[in-house]
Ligand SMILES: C[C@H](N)C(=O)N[C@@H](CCC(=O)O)C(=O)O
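A lone chain, given as structure tokens: the form predicted on its own.
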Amino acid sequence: MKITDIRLGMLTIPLKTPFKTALRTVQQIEDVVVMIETDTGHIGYGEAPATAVITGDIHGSIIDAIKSVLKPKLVGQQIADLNHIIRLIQGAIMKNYSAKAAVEMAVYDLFAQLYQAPLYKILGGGVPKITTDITISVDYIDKMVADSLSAIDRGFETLKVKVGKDIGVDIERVKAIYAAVAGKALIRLDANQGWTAKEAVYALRKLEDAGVRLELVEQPVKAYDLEGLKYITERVHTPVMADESSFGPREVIELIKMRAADIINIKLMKTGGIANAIKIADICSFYDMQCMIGCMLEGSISVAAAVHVAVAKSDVITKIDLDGPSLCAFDPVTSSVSFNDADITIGNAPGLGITAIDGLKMLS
């Protein structure tokens, strides 16, 4: 199975409600879709969003990186030479993690198709069912409480609550949500780098003293502030998770050495694809550190790839934040991964099992 061409498209999917964090507000998903064609007629699929405020990637940079740099390296390569192809992708260009991730997951899709197995089985197997949380966007307190209760009615048992806008209001937001959902759902906080280290300690201690029990708090401080992250981790009972501070294996090793976080959030758009995600999971497993697997605001192609990784590495990836498809008004992708609100299951089709994408606009 040899790569003969790489084609690109754009996929736009409206959200059920606006996605609001301390960093941005988004109305719809707009992803670059990658299709790697082969001489056997098999097609591998990948996907990448533009997340400028986190990865630095925009649609233009993703498209140009794939067309101008990655495609010339990969056309003509044999899919069976997976490790060689991964080295070509990762070594072809600095950063550009989203472009690398989209292309790499399409290669993995083809590799699993070559051996006629679902991707998770190629990655090591596992139970093909996981349960995700859902994001509660930052908003007025009453709206956030209502959204939380609605999510519970849909079957979600873990809520990822966005904060980071105003420390005083954030504390009241969390107290109100906790009072409404205690005993019905776990709460994870995500400050999206919106607090200082001292603010985070103040807020978390206030919440802890008020009897609010949080599963974790995610990236309370700026990505570069590892000392701030360590400061918080040492001073609160709530587990601290690194997200924007942990892109690849090197950052994860540094965080572990510093004891700056309790949990690592793996995202394919930060790691540059599946290979580095697996490396991070293995590093964390060695140090007995739990991982979450998450996503940006992505459609179900790239989230499906993350689902396969989560299943294969479930010994260390113990927390799931793959709610992108659940936030969409509809899913235009037909695949063997079924997204049913909190429940995500994988079928038996080879690779990612993608058979159709409605509304895909091809790029020239």
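Worth saying up front: this structure is predicted, and the values here are computed from it rather than measured. A residue's number is simply how far along the shown sequence it sits, counting from 1.
The protein also exists as the form predicted together with the named molecule; that form is not presented, and the subsequent description refers to it.
- Heavy atoms of D57 never reach within 4.5 Å of the named molecule in the model of the complex, leaving it off the interface.
- Contact between L70 and the named molecule in the model of the complex is not found at the 4.5 Å heavy atom cutoff.
- Put simply, Q77 is far from the named molecule in the model of the complex: not one heavy atom of it is within 4.5 Å.
- Among heavy atoms of D170, none comes within 4.5 Å of the named molecule in the model of the complex.
- For the options M35, L327, A312, V316, the one in contact with the named molecule in the model of the complex, meaning a heavy atom within 4.5 Å, is L327.
- Interface residue among I301, M296, V337, I66 relative to the named molecule in the model of the complex, by the heavy atom within 4.5 Å criterion: M296.
- Only one segment in the set 259-267, 223-231, 101-109, 208-216 has any non-hydrogen atom within 4.5 angstroms of the named molecule in the model of the complex, and it is 259-267.
- For the stretch 190-229, the set of residues having any non-hydrogen atom within 4.5 angstroms of the named molecule in the model of the complex comprises D190, N192, E218, in sequence order.
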